[in-house]
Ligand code: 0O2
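Read the single chain below, which is given as structure tokens and is the form predicted on its own.
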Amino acid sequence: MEIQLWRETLEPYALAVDELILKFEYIIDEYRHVGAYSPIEQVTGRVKTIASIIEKSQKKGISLEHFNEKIEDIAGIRIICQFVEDIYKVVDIIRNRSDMRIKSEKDYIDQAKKSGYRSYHMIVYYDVETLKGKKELQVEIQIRTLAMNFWATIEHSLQYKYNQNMPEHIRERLSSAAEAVIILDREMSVVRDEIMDAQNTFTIKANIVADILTNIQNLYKVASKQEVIKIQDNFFRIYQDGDQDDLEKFSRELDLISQRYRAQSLH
């Protein structure tokens, strides 16, 4: 296949990856805007390189004329979570979406691979709009914790280095590390509520501060400079004290001041 044809074939997959990353990042923003904990920590994506597609096609005995039908992971999305429990919440989110249709699921968390690899895999059908019309593509979504992702990244690099013939002593070390990842994820689940509470508190406080700063910035346009500087000094004093209740009270008072100026401008 000519390079130009390869590019034309793979461009819709790049579009699918870009759109899905944007949609999952929007989910993160939705949770955080309401001060809630997001089960998705981060999301990345990629399209397989031409070399990887050719290599996989040869390995699997797939004709290059039909690789886009037979290879399910040309487009890949990786979703990273903090806790194992979050993985299954993300799975439910995907199951309930109307813009992704699930083809298959594989739970490598309850049933880890022999190597120690753990992750949750979903193959979904996703539609993109191109100049030639709607195109249905297969996309692989991998969902894993931060610890699982660290292990999988190292394992992948070693497999590549040794061309799938990893020395036994390194394989044993990786197996031990995989057990350590399981223990780490379990320990993190035990203190999950404490971690989530701390993170939610931080997010709520950050949102309050952002609202206050926006109000102060807007007041510079309508209030006297002396009054705004006084408000600003009060904010810095309260912020340095670090009391969230005082910040919330100050934010409410500032909202009333802003509303008063808006009302005056209308008259």
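Quick note: we count residues from 1 along the sequence shown, nothing fancier. None of the values given here were measured: they were computed from a predicted structure.
Keep in mind that the form predicted in complex with the ligand is missing from the display, and what follows is about it.
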{"property": "Lys221, Lys225 and Arg252 each touching the ligand in the predicted bound form (heavy atom, 4.5 Å)", "result": "no"}
{"property": "Listed range touching the ligand, judged in the predicted bound form by heavy atoms within 4.5 Å, from 179 to 187, 101 to 109, 125 to 133, 83 to 91", "result": "101 to 109"}
{"property": "Contact residue in the predicted bound form, from Lys60, His66, His33, Arg237 (heavy atom within 4.5 Å of the ligand)", "result": "Lys60"}
{"property": "Contact assignment for the ligand in the predicted bound form, among Arg97, Arg171, Arg192, Arg78, heavy atom within 4.5 Å", "result": "Arg78"}
{"property": "Close approach of Lys56 to the ligand in the predicted bound form, 4.5 Å, heavy atom", "result": "yes"}
{"property": "Contact test in the predicted bound form: Arg46 vs the ligand, heavy atoms, 4.5 Å", "result": "yes"}
{"property": "Lys113, heavy atom within 4.5 angstroms of the ligand in the predicted bound form", "result": "yes"}
{"property": "Contact flag, Gln159 vs the ligand in the predicted bound form, heavy atom cut 4.5 Å", "result": "yes"}
{"property": "Contact set, 132 to 147 vs the ligand in the predicted bound form - heavy atom within 4.5 angstroms", "result": "Glu140, Gln142"}
